[in-house]
Structures are given as C-alpha cells and as structure tokens.
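A lone chain, given as structure tokens: the form predicted alone.
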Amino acid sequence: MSKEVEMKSVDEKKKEEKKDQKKDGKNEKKDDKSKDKKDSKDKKEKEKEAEKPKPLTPLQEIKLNITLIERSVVTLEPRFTHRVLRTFTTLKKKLTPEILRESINAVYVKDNLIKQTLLSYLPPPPPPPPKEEPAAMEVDTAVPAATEAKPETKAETKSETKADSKTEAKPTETTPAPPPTDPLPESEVYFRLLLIHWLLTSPESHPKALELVHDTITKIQTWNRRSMDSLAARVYFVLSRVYELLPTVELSEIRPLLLRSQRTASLRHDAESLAAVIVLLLRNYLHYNLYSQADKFVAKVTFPESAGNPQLARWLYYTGRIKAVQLSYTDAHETLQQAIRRAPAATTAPGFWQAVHKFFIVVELLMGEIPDRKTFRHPVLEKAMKSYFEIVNAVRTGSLSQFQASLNAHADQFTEDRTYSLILRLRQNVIKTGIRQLSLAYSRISLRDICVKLHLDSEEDAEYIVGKAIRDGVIEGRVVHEKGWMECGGGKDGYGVEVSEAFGKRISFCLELHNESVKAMRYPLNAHRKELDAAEGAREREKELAKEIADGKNLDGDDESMGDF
C-alpha cells in the first residue's frame, strides 16, 4: 500500500510539473507577442518620422516660389501666384541680407543690370577671412629618398605608356550646357517685394524702401502684364505701408497716385489691384477723418465681385465705420458682422480681428443691445477688449459715474482705436438705462434725486432728459413741473383705449396680408373652361339620372298592375 501511495504521489508531481511547464510556455509566447507588437509599433513610428518632410530653408523656399511664379505665367493659372503670396507672411520674418544675396545670385546667373540693381539695395558682403599659411612640414633627412624609392618594372612602364596613348587617342566628349535663361519680370517683382519687406525692418533703411517701391510701381505700370496683377496689388499695399512708417512724409501725398492707379486698374479690368487700391484710398481718407469724402467715394465706386475675402473684409470694415459715424447703426452693424465673417482666422490676423470687434461692440451698444459675454472671453480679444468690457458693464448697469471713470481711464486707447467719438454718444444710453431702472423702482421721484443718482448737472437737464425718455417710449410716466417730480406710470391692465387700438392695428394688418396674398395668387390659364365643362357634365349626368328614375317608376307601375303571385 505504501508503494502504491508513493507511486501516486510521484505521478501527481509529474503532472504538476507538466502543467507548470505549459504555463511557462504560454507566458513566454505572450511575452514574445508583446515584444513583437512593441517592435512593430516602434518601426511604424520610426517610419512615420522618416516620412515627415523636413522644413525647407528660406533659400529653398524662395527658389520654389520663383518656379511657381514662372509656372503661373506659362500655364496662365494665377492660383500658383496666390499660393506664393500666402507664404509671404511667414517667409518675410526669416529674411536676412545673406539669404537674399544667395537667392538673387542663384536665380540670376548672368551678371546684368537687374541683378546689380537688386544687389545694390543690400549691404556689401563682409570680406572673406584671411587665409592662414600652412606650417612647413618636418622632413626626416636621415634616409635618402633614392634608397626609399623602388625600381619600376618593365610591365608597369609598358602599361602606363599604353594608358597614356589611349587617353591621348580618345578626346573628351562633353555636351555643351544650355545657356541660362533670364527670369521673368514677375520674378523680379517678387524679389523687389522681398527686399522692400526686409528694408522695412529697420528705420534707417526706410528711405531706400520708399525709392524701391516707387521704382517698382513705375515698372509694373509700363509692363502692363495680367500675370502680374496679384503681385501689383501687394506692391500697392506695401507703398501705403511705407508712407505710414516714414515720419518725414505724409500719407496724403500718395492719394493722387492711388487715384490714378484706381482709374488705370478699372480700365484694364485688373480686379485684384482695383480692390487693393480702393481699400487703401478708404484707409487714407479715414486716417485724416475725411468721412464725407470717403462716403462720396464709396457711392461712386463699385467694389469688384471677384476680389478675395481679405480685401472684401477690409472693404466691409471701412464702410461699416463710415456708416457708424453717419448714425446709420443698423447698416453699420450688418456690414461689420459681414466683415467678421469674411475675415481670416483670429490666429492669422489678430490685429484686424480686434479692430473690427471694437467697432462692432460699440455699434451694438449704440443700438441699445448688450454684447454677448463670450466675445470678451476669446483668447485673442481678452486683453485688447478689457477697457470695452468696462464700458459695457457701465451701460448695462446704467451707472454714469462708472461710465465716466472708465472713459477717463482709457481715453488714450479709445482715441488710438478711433472709437472715442462713438463712445461719447453712449452717455445718453447710460442715462436712459438709469432712468428706466428708477422708473421701475419708484412710483414718484423728485428731479433733484434723479440728478443725485445719475450724477447730472442740474434739475433742468434732468427734466429735459426725462421728458425725452418719455417721448421716445423708454419709460411711462409724466413730469410734474410745478411740484418738481416725475410720476411713473403703473402697470397696465388688459382694458382701455390703447388695447383696442392695438387689436385694431393687428386685425387691419391681418386683413391687408390676406388681401395681398389673394392678389399674389396665380391662377392657371383657361381654368374657368374646365369648370364650365365640369358643370355641363354634371347637368347631363343629372338629366340621365332623372330619366332613369322616371323609367324606373314606369316599370314599377306596370308591375303593380300585374298583381301578386
């Protein structure tokens, strides 16, 4: 028995060992699979990193842009030039004199007048560093050179003579390289734009930029090439920018040039240059607060429909400003809203985004509406709109003291933003809001208390403002001049003359709408004939039915005469 027990225990141990081995094998397989998965993931990540293209250097980017411009000219496709201009904002930040010089030398292989003029606007290259003379080598003179040299064998001399004879017998055959062609005028204008933007980086080189941009405009006007329209529009924009940055010249000096360019662009059907020049003229007028001239210019000019979204957004922004100054707040609100929708993203054009929103919020306040709080939480607008947020709070609460304090605190910013005159108009809105709150809180209040609460100058001003608010329908009440107080009207009941008049207006409106809808209904031609035919058919059917009924009665009479079965 003891042997049998020992044998069973041995068998159980062997079975347990086999189970353990199987488990270990499975675990090893799982580990191998997990390792394989990790290795495959690492390989995929490495392949993705290898597939990612390296960013181009500024020199390579300029060469690529030149090829795209030439392709646009050859294929008559302006989209390639637009693609080049879209990368202009990022490329101009990387420009240096060395990059510009290398790119000009790489594109203009021949030494000609264009290359010399472009290089003349760059500073001279630094002189090369002096070459250091190599130190004399130490030679070991203990062993003579003759003993070190090995004697040449006859086979080596024969092979050398044969190779020399073969090379002398076969002349070198080289195909002549084609002569390099000169770049197109569009490439020259592109290089001039790059140079102008680089010259605008330092105030010392602004006069050179002014000279270069005038020379570029004269060349563009003499060439008169349709493939240069988008580049010409960019040159006009740079011209206005140079005059804004130069303190020695006035921005109004380029107005005659812009007017001539606008006339020539409209005659040549150059839509891109025309849109750019119109926007620059409006900017020029509004810079000197010439709103009447700008309004006349807008009335006489037709903005091209094929202009891009950036130019259209600028056009809507400037026209919205003009309408806001002219007290047409609803039109200004619509145009500014369209400008916000047409504008580029907030991250690409934060300055324009902030400028449009400043005027939009002020116009919205002048319309009697309170802007949404979400606009002030936008990351691009949060810091720039802090002062306007204080004005909005003052208008919302009707606190004239808070409004005046925020206006005095941020007057410099408002004048810089050209919104100071519009914000001054909000004083009446603040007073109206305060009077509305007082009318809801008091059934009777003296004019002296109104002056104290709204920080007005005198009781006469308070009486005038309250009377105007009552006339405009802001509040309901009346001013008792003899006793010097304002009686606020209580809540209306559902009866009275005013209620019947309101119901009469609604009923008349519904009747007019019904009459106009009936007049506007369209009837098909000769529809009455169908109705007549249908009526005649109905009459005939009625006659047939009458005949059938009469025949049926006759038959019934015959049956009754026969009697019952």
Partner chain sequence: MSSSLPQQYQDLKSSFERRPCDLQRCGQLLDSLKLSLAEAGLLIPQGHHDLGDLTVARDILEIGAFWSIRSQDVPSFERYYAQLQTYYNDYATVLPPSSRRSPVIGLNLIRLLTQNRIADFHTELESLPPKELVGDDPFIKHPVNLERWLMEGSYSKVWNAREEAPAEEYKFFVDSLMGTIRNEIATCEESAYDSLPLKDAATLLFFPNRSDLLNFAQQRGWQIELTAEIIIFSRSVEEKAEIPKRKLIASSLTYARELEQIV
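Take the two forms, find the largest set of C-alpha atoms that superpose within 1.5 Å, and that set is the rigid core. Positions refer to the first chain, counted from 1. These numbers were taken from a predicted model, which means no experiment stands behind them.
Separately, the form predicted together with the partner chain exists; it is not shown, and the next lines address it.
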property: Interface residue in the model of the complex among Lys386, His214, Arg268, Arg425, criterion: non-hydrogen atom within 4.5 angstroms of the partner chain; result: Arg425
property: Sole residue of Glu463, Glu364, Asp229, Glu186 within 4.5 Å of the partner chain in the model of the complex, by heavy atom; result: Glu463
property: Contact of Glu501 with the partner chain in the model of the complex (heavy atom, 4.5 Å); result: yes
property: Contact flag, Lys519 vs the partner chain in the model of the complex, heavy atom cut 4.5 Å; result: no
property: Residue contact check: Leu327 to the partner chain in the model of the complex, 4.5 Å heavy atom; result: yes
property: Contact of Lys530 with the partner chain in the model of the complex (heavy atom, 4.5 Å); result: no
property: In the model of the complex, segment of 112 to 120, 232 to 240, 71 to 79, 454 to 462 with a heavy atom within 4.5 Å of the partner chain; result: 454 to 462
property: Partner contacts in the model of the complex for 401 to 440 (non-hydrogen atom within 4.5 angstroms of the partner chain); result: Thr415, Arg418, Tyr420, Ser421, Leu424, Arg425, Arg427, Gln428, Ile431
property: C-alpha of Ala462 off by 2 Å or more between this form and the one not shown on rigid core; result: yes
property: Did Val480 shift 2 Å or more between this form and the one not shown, C-alpha, core superposed; result: yes
property: Post core alignment: His206 C-alpha displaced by 2 Å or more between this form and the one not shown; result: no
